[in-house]
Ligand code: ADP
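Before any questions on binding or motion, here is one chain by itself as structure tokens, the form predicted on its own.
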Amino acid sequence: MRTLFGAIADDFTGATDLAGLLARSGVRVSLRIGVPAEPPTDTAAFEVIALKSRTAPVADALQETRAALGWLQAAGAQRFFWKYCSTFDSTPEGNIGPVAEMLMDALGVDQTIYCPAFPENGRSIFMGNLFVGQQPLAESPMKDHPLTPMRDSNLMRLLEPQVTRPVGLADRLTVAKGAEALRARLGALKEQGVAHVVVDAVANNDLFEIADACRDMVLLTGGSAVAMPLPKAYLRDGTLEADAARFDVPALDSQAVVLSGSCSAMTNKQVAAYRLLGRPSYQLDPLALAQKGAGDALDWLAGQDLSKSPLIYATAKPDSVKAAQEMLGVAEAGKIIEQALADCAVAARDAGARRFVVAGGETSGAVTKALAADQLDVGPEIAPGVPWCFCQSAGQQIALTLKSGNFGDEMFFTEALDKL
């Protein structure tokens, strides 16, 4: 099928988040892990390419995104979406703004929007300020993120150092008046030369108004939720054919493993809740891994009954994470954990695991790469923005869910396994 909509995400969990929300429409959504090496074949109406570029050097992020754009254009995509985190994770140098401007230039567009709101998961934007629940972004746990600490809540101030063209705002008062009012505001800002427009959203209904107002724009940017209404909007106006292909979920054996590398506040709660249920668990120590490798963890895993869905985790409190980073360096500490969890994923698959619950963006990237999971079909949603995905790995059909750190409730791991 010819692709209509092509999305590029800056990390793997963000890509599954977006793919899951698009799949609510029932239309087949295909998730590619990295830019495919082969030309497009057997593509879906909605194609999502997951990159690992969120914290990459700006030049590398631009290069990867440009390659992803080229593949999506070759697949026939006519609408494009640049997906980043709902907490706008970036540094003053990028990569959100530079990538957006590169895409604008490549597609020949002179204006786009920025809307990382995800009301179902407590992310809202009011007067250009991003809130996580009831907390401004800069007062939320994101202020202590080990790679992208967010110390300002105002999206315009965060974006301005990253771009070369003017930044403006379409506030909630405009959005609340409906799609026509928002279109008029965007048009007025365009006449003023404003290329980058932050758009407020505090409730799901706002997302539908934004999607309606912006559905004809060639390029949109934001979190996953603002793209959620687009499939049905395209079906209504005939842009997407009503008989677009669907996806049927396969039956799988129940052996499973849970792999957690995220150190977010919610993932800490999820690990604690899962362990309280008496599930077998093993905590990775980055300092021990640096000295001895993952052998002890692999030996432990080899002795587990995979029908009990054992947990292997590096999830820890911020002070523990900081201590390990001071000893090993931020990048090295992360790399050691990712490699260990990737090794455990392969060992679990080879021992019969067919269901993999993975927490953390960097961890998800390492695990999917190790499992050679480069194309996934998107299935049922477990929690808002977190679906089960299905693919082949070493000749076996497997299911993966790739959870962004703060997504899901405390019982997410159990709920994920119960979903299938």
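From 1 onward, residues are counted along the sequence shown. Here the rigid core means the biggest group of C-alpha atoms that line up within 1.5 Å when the two forms are laid on top of each other. A quick note: this is a predicted structure, and the numbers were derived from the prediction, not measured.
In what follows, reference is made to the form predicted in complex with the ligand, a form of this protein that is not presented.
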Item to check | Answer range among 319 to 327, 69 to 77, 163 to 171, 251 to 259 for contact with the ligand, defined in the model of the complex as heavy atoms within 4.5 Å | outcome: 319 to 327
Checklist entry - Asp374, Glu64, Asp377, Glu362: which sits within 4.5 Å of the ligand in the model of the complex by any heavy atom? => result Glu362
Checklist outcome for this item: Picking from Ile337, Leu311, Ile210, Ala117, the single residue whose non-hydrogen atoms come within 4.5 angstroms of the ligand in the model of the complex is Ile337
Checklist entry - Is Pro286 close enough to touch the ligand in the model of the complex, meaning at least one heavy atom pair within 4.5 Å? => result yes
Next on the checklist: Does any part of Ala294 reach within 4.5 Å of the ligand in the model of the complex? Heavy atoms only, please.
Outcome noted: no
Checklist entry - Going by a heavy atom distance of 4.5 Å, is Asn129 a contact of the ligand in the model of the complex? => result no
Next on the checklist: Is Gly20 near the ligand? Define near as a heavy atom within 4.5 Å, in the model of the complex.
Outcome noted: no
Next on the checklist: Quick check on Glu362: with the core superposed, does its CA move 2 angstroms or more between this form and the one not shown?
Outcome noted: yes
Item to check | Is_shifted Lys335 between this form and the one not shown (CA, 2 Å cut-off, rigid core) | outcome: yes
Next on the checklist: Quick check: Pro286 between this form and the one not shown - does its CA shift reach 2 Å or more after fitting the rigid core?
Outcome noted: yes
